[in-house]
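Just the one chain here, the form predicted alone, laid out as structure tokens.
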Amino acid sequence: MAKRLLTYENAVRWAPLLVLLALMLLFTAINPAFLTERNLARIAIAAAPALMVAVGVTFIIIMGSIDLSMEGSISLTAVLFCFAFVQFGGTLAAGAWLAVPLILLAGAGIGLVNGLVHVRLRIPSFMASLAIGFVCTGAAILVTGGDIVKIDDDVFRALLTWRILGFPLMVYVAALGVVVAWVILSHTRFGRHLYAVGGGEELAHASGVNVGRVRLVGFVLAGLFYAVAAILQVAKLGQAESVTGANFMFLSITSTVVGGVALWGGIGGAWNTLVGVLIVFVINNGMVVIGLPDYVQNGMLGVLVIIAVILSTDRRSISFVK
């Protein structure tokens, strides 16, 4: 029985990676152009900002909460970054690099407010974060007046244009973000506490974990990664507006679930999220390469989410699904 359980757990653990490999083989067999360096770089560029968003929300989901503020948070930090970049000289050489730490602090601050509303006011995380997301979107519209804010600096845009081994710098920045998240989750005391809270808040509290503090830090880290995503998105587009963060909610949460991060907390990690993001963007890119319409892509992603939840849930231990 134990051997059977171990085999099942291993199958669940490796299923996302096997799905990713199977998808890549399938699309390559249909159209060999899929596995070219140019197309893989195109996938990586599209996935880099979404990966940072997904890594940020991974901290929240692991501790058993949910964050729906990412679209508003990204929009606001993106437009603030552009304004700060221009205000500090308009080029990195003139001092606009100061906009980077400033916006990282702003993202962390938004995450802190998000966490305080959830923890101190005892409002469910999905409702608190949804409200903060709306506030951020409104603030982005107020700041921009509905206009587009552009950045014209070749050095900053080198995040997109300067390539190493065929991939732009922004891909390596995103990869570094994954490594940092992995270290935090797997090799720090805070990471262990995060999993403990996700595994059972009352038990974690009884074990001496400051649950409220862990949740606050989790939201701060999420906001920090959202700010990184905003900077990468601006580097990719060369501009920001009040809808810069659109669609990131669906992409990030879908990616984490498909990658094997359990929505009820305590299971998963940064590498799961990386695989999940790659699955989502390989599907999007592969179906474009083979000429299938958008609604087929969305349908396939929906099926994958359901399959991922089925594989990772022991439904015999759940008396009622709400």
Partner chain sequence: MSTFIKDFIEKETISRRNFLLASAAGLTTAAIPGVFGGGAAQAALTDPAIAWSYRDRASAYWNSIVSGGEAFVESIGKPKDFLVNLINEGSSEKSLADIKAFLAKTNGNCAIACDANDSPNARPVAEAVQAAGGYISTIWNKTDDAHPWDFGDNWVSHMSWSDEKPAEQTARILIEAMGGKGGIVHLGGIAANNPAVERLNGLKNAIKDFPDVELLDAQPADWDTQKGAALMSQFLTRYGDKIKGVHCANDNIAYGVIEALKAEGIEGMPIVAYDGNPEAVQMVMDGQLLATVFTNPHWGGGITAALAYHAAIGSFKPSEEPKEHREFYGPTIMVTAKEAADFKAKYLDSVPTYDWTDHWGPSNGQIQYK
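Between two forms, the rigid core is defined as the largest C-alpha subset superposing within 1.5 Å. Numbering follows the first chain given and starts at 1. From a predicted model like this one, the values you see are computed outputs, not experimental measurements.
Quick note: we don't show the form predicted in complex with its partner chain, though the next part is all about it.
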| said: Each of E71, Q87 and T256 having a non-hydrogen atom within 4.5 Å of its partner chain in the model of the complex: is that the case here? | reply: no
Testing 222-230, 155-163, 93-101, 78-86 against its partner chain in the model of the complex with a 4.5 Å heavy atom criterion leaves exactly one stretch, namely 155-163
Hey, in the model of the complex, does R120 get a heavy atom within 4.5 angstroms of its partner chain? no
Should I290 be classed as touching its partner chain in the model of the complex when contacts are defined as heavy atoms within 4.5 Å? yes
### Query
Counting only non-hydrogen atoms and a 4.5 angstroms cut-off, does I45 reach its partner chain in the model of the complex?
yes
Q.
Using a 4.5 angstroms cut-off on non-hydrogen atoms, would G146 count as touching its partner chain in the model of the complex?
A. yes
Residue within 4.5 Å of its partner chain in the model of the complex by heavy atom, from L237, L112, V180, V173, is L237
Interface check vs its partner chain in the model of the complex: of L169, L216, V243, A106, the one with a heavy atom inside 4.5 Å is V243
Exercise. Once the two forms are fit on the core, has P293 moved its CA by at least 2 Å between the shown form and the other one?
Worked result: yes
